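Starting off, we have a lone chain in the form predicted alone, written out as structure tokens.
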Amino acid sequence: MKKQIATLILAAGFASISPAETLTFDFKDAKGVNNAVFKLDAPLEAISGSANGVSGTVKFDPENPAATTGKIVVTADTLHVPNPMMKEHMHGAQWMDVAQHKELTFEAKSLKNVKTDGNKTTADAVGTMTMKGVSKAQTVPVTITYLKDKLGARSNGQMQGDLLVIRSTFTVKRSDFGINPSAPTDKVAEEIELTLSIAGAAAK
């Protein structure tokens, strides 16, 4: 009888412990601060620009960062370079063809080489990159910082909740995605360096 009572008490104790919550973070930033930066550094010419049409969702468990999955989306027609003619060419059919291919995406399906120290996690995100209608397997290094109860500070008190900050820099090849593969590499680099600096919100 005593054993049964002890078992019931123990079971009740475990039942009262709520499981860790997986949070969904929305990366459509009302402030318009989230951005993707790109750079092509060829011998004769360096091209750099940005895109601010960032959205997507990421599922993150503070108790199990290794289980992180999600999809980040960049609206193609927000790709911008300072030179108006160069921007027109970049949006055209030979380059990004933004009229036909309206989004660039990276879908993270799993993380590997995960290391967590406090609220910061570094890992390699394994997933699929899609640009100009072409999808390729891609693994990118990421740094994920979980900021509990910091949404209010970022939104000037207008919203309450948590923040998830993601930073990543990696390269892709133009020819892999059919981005004007015949362009001379002395003027337009074959490798495109991409940098993401984005924050997502899980409102409460």
Partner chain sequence: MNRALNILAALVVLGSVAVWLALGANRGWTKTSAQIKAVDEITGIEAITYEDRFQPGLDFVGAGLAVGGALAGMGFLILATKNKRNKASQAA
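Residue numbers count along the first chain shown, from 1. Remember, predicted model here, so these are calculated numbers, not experimental data.
What comes next is about the form predicted together with its partner chain, which does not appear here.
Although the partner is absent from this view, Thr68 stays clear of its partner chain in the model of the complex, with no non-hydrogen atom inside 4.5 angstroms.
When contacts are judged by a 4.5 Å heavy atom cut-off, Asn35 counts as touching its partner chain in the model of the complex. Among residues of the shown chain, Lys150 is one whose heavy atoms approach its partner chain to within 4.5 Å in the model of the complex. Although the partner is absent here, Val165 is a contact residue: one of its heavy atoms lies within 4.5 angstroms of its partner chain in the model of the complex.
Partner contact region in the model of the complex: 45-53, out of 45-53, 59-67, 173-181, 134-142, criterion any non-hydrogen atom within 4.5 Å of its partner chain. In summary, among the residues His91, His80, His101, Lys120, the only one with a non-hydrogen atom within 4.5 Å of its partner chain in the model of the complex is His80. No residue in the set Met96, Lys115 and Ile192 has a non-hydrogen atom no more than 4.5 Å from its partner chain in the model of the complex. Residues Ser197, Ile198, Ala199 are the ones in 181-204 with at least one heavy atom within 4.5 Å of its partner chain in the model of the complex, listed in sequence order.
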